[in-house]
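Take a look at this single chain in structure tokens; it is the form predicted on its own.
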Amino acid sequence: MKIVILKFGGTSVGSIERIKNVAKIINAYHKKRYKLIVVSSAMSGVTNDLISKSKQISDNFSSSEYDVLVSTGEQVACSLIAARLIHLGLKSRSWLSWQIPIMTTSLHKNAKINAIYKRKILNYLKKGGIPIVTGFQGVNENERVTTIGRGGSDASAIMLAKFFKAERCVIYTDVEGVYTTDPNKLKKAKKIKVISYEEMLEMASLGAKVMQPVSIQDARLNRIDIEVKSTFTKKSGTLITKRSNIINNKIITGISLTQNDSKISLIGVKDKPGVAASIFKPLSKNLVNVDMVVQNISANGKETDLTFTIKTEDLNKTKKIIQSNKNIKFRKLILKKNVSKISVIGVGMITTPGVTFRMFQTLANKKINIQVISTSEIKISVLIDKRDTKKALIALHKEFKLHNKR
């Protein structure tokens, strides 16, 4: 049985006309005799509206009732898609997570899928049906509805592909695929035909908004190939797959950037074992995500300067946490807003020397100062002044020839 998973995002089902268009896409796959499992997000804006209602009811809204509430958005979208397919003469019905069931951990708001029971869906497929499954949700051992957190519908589709051993998993969204950089920021950005899980994971974690990092990691761990396509055009998309499937002469695959970062520097920290843990433990407890970290030890070995980056919205909270931390001593605290992180990503840099030099020299030629550097096997990130972001993006995109046809 050739099973294909089709997942449609919120913008894809954002109106009645768009839902009718989704039904046409599903019908086109049906005519090719694929067995289809369709996963849908809520119509765009619906989940945010439900969250807003929960806040109006209580600033301490029950997490279990929160999941029941926000999961209804997917129920509406799935019912509308199924009804449109029935209108077109196809056999279809909506399936809520508890009807399959899709079993998750007990954690509300951020559950993980543990198991998917296949019998009912397989029987329905054998009878020629097209199941429309609610994404973003499951049910726990207490028979309570759970939600899977940000990117939950993508995660639902990927796990369905795993359990049903699907031939393909196609994520339909409002963009044509993954680009060398954000096409809204650089018109010369090119669509990438094939990208590795590792490169996509780096790009997503560094600002690319096509998919959430957790969903890409699920696909990587389970070796699920993902095709990202636009619901609104018939053009080919981007295939996300394992590294060994890619024949690519590009050293750098893409450039990501973030523009809502702030830099924290603690000068003259009394150096002793565990001092870094003493700084970052209270930040972690208060859900402050720390990114780039650089530490410099003084010549006498008694002091250290420690610099790290956070999201700007966490700046005031971070300042208060550090200033109230009795376990650390330092001479000066420096806070700097209006910085941006720009990263070049590519598996080609593993076997190609000189990428770091080329990146740094390109920025130097444009008189762009590098404030912090962070690297991994397939990524180099630098922190620069926010006003230099566009200039840096254009220069690096050109240096690594990403504007050429791919």
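Predicted, not measured: the structure shown is a model, and the values here were computed from it. Residue indices: 1-based, along the sequence shown.
The following text describes the form predicted in complex with aspartic acid, which does not appear among the structures shown.
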{"query": "Segment assignment from 368 to 376, 335 to 343, 38 to 46, 354 to 362: heavy atom within 4.5 Å of aspartic acid in the predicted complex", "finding": "38 to 46"}
{"query": "Position in contact with aspartic acid when the complex is considered in the predicted complex, options Ser153, Ser97, Ser196, Ser92, heavy atoms within 4.5 Å", "finding": "Ser153"}
{"query": "is_contact(Phe136, aspartic acid) in the predicted complex, heavy atom dist at most 4.5 Å", "finding": "yes"}
{"query": "Residues from 74 to 104 in contact with aspartic acid (non-hydrogen atom within 4.5 Å) in the predicted complex", "finding": "Glu74"}
